[in-house]
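Starting off, we have a lone chain in the form predicted alone, written out as structure tokens.
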Amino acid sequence: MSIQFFAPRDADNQLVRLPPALRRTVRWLPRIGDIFPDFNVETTQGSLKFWEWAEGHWVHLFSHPAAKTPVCTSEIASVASYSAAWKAANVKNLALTGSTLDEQTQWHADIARLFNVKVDFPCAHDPDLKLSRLFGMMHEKESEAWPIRKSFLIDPSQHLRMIFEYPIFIGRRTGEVLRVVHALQLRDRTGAATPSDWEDGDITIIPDDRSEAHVRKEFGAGSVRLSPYLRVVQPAY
């Protein structure tokens, strides 16, 4: 389904003046809460049917511009270096780029030599960048030839839970993706919210009116109400 912008209006029913370049039909773009579509793709580890491959796991699906480029080299090495942490968090990684499988395989050998890490996750070839366009990874004002650095976190029910976007020449921080994985998994287990700069084991927020007995059972400690709208707990685990 596409959406045509004719005469969009704001909350006060006033016309929103769009630049002419934005007055066009736009395709679906993934949003938080969407079920991520199934797709087939060829990877450095063979053919992959996404839903079947992802079943029972969280997935970090991310695009990068191209093999044998400097920032991408550092990113793939970084993701590979966190192998044990991904497995502990039940996360599978899948990289997506327009580079051929031969180019990527040669590149992974360079990464192993340079950083002493094995790229142990599948890296997909996206012919003509068709999937990259579908998933909103192509930003023509950034580059007409390469996808940006876009990351999705998808949960075991195939729902999209996080979206990050970075420009081409700025590398991502792998630890931030893992931090969000831990925060989302905590949310799913306990219903807790996480404050700014939260790390696993830090004070968490109780965003509802659950009983103190429920808090103690869930977190092994009592909560503290800092204000009428801010209630926190330091988990005992």
Ligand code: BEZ
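Predicted, not measured: the structure shown is a model, and the values here were computed from it. One rule holds for the numbers: they count along the sequence shown, beginning at 1.
Not on display, but discussed next: the form predicted together with the ligand.
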Partner-proximal stretch of 126-134, 141-149, 110-118, 92-100 relative to the ligand in the predicted bound form, 4.5 angstroms, heavy atom: 141-149
Interface membership of V79, the ligand in the predicted bound form, 4.5 Å heavy atom rule: no
Contact test in the predicted bound form: F169 vs the ligand, heavy atoms, 4.5 Å: yes
4.5 angstroms heavy atom contact with the ligand in the predicted bound form for L160: no
Proximity of G56 to the ligand in the predicted bound form, heavy atoms at 4.5 Å: no
G33, P70, G46, G201 - the one with a heavy atom within 4.5 Å of the ligand in the predicted bound form: P70
Residues of 37-65 having any heavy atom within 4.5 Å of the ligand in the predicted bound form, listed in sequence order: P65
